[in-house]
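Let us start with two forms of the same protein chain, each given on its own as structure tokens and named structure 1 and structure 2.
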Structure 1
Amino acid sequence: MRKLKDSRRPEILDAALAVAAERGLDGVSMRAVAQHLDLTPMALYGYFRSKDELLDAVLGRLLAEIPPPPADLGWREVVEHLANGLRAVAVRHPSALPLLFTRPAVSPAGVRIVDMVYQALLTAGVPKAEVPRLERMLSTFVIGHVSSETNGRFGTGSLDSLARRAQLPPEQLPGLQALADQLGAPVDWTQEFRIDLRDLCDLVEHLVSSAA
């Protein structure tokens, strides 16, 4: 396998993020990134063998922005630190966020983050057989929440709560009718994210106590 160059890798990854911000993630291609840098597409193949390899590296570049947690944090604080770090990355790079759903964490930065969550769960006393599953549960919550918050799923959309309920007869929407006085209230997404993460950590502690 031929050896790839690395002298301009950071510049290429920055260009890929810039293209994603301008055109969306679907607009990221070897040709588009090369044009952004005034290079030929073939020049990029000296750094990345394929578009998939480029996208994996872009994801690694995003995850590398999450600072490592201080050494004196407890396991809950480590999980919160990493989760908040990922949320901050999502705010900075919303166009590239779908990479978290579509690409495995194969970069050194991604592997390190997964390992830090593994260590946190082991420190919490989670049985080894349950650690990978709980890491997936926590990461899926964090990725799903920040994506919904950043890309609009949690937004009001084109219809407010009252207009949504008006589309169907009240008897067909008993849940929405019961919560009518709650659904129009503003939401503090930072607070909700913190509380949801706390509740998931409580579930982890419950599993530990049940397994003891």
Structure 2
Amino acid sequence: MRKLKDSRRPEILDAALAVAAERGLDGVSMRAVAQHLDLTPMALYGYFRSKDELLDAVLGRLLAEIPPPPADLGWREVVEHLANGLRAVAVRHPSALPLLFTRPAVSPAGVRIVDMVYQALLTAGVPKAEVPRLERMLSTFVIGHVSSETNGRFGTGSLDSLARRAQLPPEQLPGLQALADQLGAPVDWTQEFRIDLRDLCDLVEHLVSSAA
């Protein structure tokens, strides 16, 4: 377990994000990152033990970009501030986003964010035993929504195109058929994100009042 240098770690993470932006996350190879810095691939192994560790560090850098909420916010505003902060990171670094769901956030920034959400839920009056579960529910939603938006899981399409994909005639898809008008319409994901988050905070409030 050799000791690692850290002098140029930030530079390397920037390079990795730059490569991700240019050629996609799959294009982030040790070779490509090294080339971006005019280094040999092997030079990177002085700073990270493996490509996996490098990617963990990239994720940590992304979470560290979320600005801490001002001290005087109410609990809902704290949750919204952090959620919007993560979404803004996603918008800045869309191609790096799959990292969020494919690896545990073990970075300092990740732990601090969890701590802030715990504080928010406690001041909301959530019973201690329920706090971790609700934090997981909220973070799952936030990461999942942002992730789905970005990689196109929320694909919209007309009834006909969906029916073709389902290899079924529209009559056998009554749910889709009933909503044929909505299906083609463009969606404002920013607004949907806010509304969902409001609903989830309402849910938290409802749990508090029914527990009291």
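Numbering runs along the sequence of structure 1, starting at 1. Please read all numbers here as calculations on a predicted model, not as lab measurements. Between two forms, the rigid core is the largest collection of C-alphas that superpose within 1.5 Å.
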Legend entry - Selected structure - criterion: the form predicted on its own: 1
Legend entry - Rigid block check between structure 1 and structure 2 (residue 56, residue 116): no
Inset, instruction - Please report, as a whole number of degrees, the rotation of the smaller rigid part relative to the larger part between structure 1 and structure 2. - result: 12
Legend entry - Displacement in Å of the C-alpha of residue 36 between structure 1 and structure 2, rigid core kept as reference: 3.2
Inset, instruction - Just grab the Cα shift of residue 167 between structure 1 and structure 2 for me, core aligned, in angstrom. - result: 4.6
